[in-house]
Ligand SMILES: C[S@@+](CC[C@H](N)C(=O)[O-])C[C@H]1O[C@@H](n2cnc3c(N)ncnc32)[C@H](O)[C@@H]1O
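Consider the single chain below, provided in structure tokens and representing the form predicted on its own.
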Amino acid sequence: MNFIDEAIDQYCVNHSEPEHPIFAELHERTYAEMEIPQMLAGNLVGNFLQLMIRLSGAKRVVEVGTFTGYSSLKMAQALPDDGEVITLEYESKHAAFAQSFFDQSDWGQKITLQQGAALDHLSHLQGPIDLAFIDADKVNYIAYYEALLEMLRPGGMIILDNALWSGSVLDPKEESDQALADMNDHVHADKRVHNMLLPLRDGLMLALKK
């Protein structure tokens, strides 16, 4: 994920809106207790998600891949009081960890966590939704994208994380490499959206529904 010099990355963090202390605690405990802590979205991606919510006036958000709840909390913080984040997490350990932080947060009541296979939950969700964030198992990215696009309102946005996958999309070798390269091609060719691939952190694919 180190596309940008660490000093420049930290400079960007230092000159972006500061975070509530709960995010520092969540970050610290994620790195202390989780096997792959770098799955956490991080400050700049979290602030970017908040900015997209505020710019779009989003109220209803769906997230695929909760992990420890960092991005869920960031998005919920930016939503109005009547806003909602529906977040889907397969791993029960991650779901329990995330829920513990939702419960202690002043805005955690805006978050509904559903544990289990995301495609099963998505098949029962009703639109419209305003924004979606996908940060889960890579082989199902296109399936998640298609399910969410059906629910997305015109002018709504889907944001897909890890779109550059540490550069592996340039020469895919593993299954996840190929899945993300295929996702990038799929979204780029989709005439239903305006898209942009942004080199922020590990890459964000943005798709704005026409």
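All figures in this text were calculated on a predicted structure; none of them were measured in a lab. Each residue number is its position in the shown sequence, starting from 1.
A second form of this protein, the form predicted together with the named molecule, is not displayed here; the remarks below concern that form.
Contact assignment for the named molecule in the predicted complex, among 181, 39, 142, 44, heavy atom within 4.5 Å: Only one option qualifies, and that one is 39.
Are all three residues 77, 102 and 110 in contact with the named molecule in the predicted complex, where contact means a non-hydrogen atom within 4.5 Å? No.
Does the named molecule get within 4.5 angstroms of any non-hydrogen atom of residue 48 in the predicted complex? Residue 48: no contact with the named molecule in the predicted complex.
Is residue 131 close to the named molecule in the predicted complex, meaning a heavy atom pair under 4.5 Å apart or at it? No, no contact at 4.5 Å.
Can you tell me if residue 96 lies within 4.5 angstroms of the named molecule in the predicted complex, counting non-hydrogen atoms only? Residue 96: no, not in contact with the named molecule in the predicted complex.
Indicate whether the named molecule has at least one heavy atom within 4.5 Å of a heavy atom of residue 65 in the predicted complex. Yes, residue 65 sits close enough to the named molecule in the predicted complex that at least one of its heavy atoms falls within 4.5 Å.
Taking the partner as it appears in the predicted complex, which of 181-189, 149-157, 50-58, 66-74 has residues with heavy atoms within 4.5 Å of the named molecule? Residues of 66-74 come within 4.5 Å of the partner.
Using a 4.5 Å cut-off on heavy atoms, what residues in 74-111 are near the named molecule in the predicted complex? The stretch 74-111, when checked against the named molecule in the predicted complex, contributes 88, 89, 90, 91, 94 at the 4.5 Å heavy-atom cut-off.
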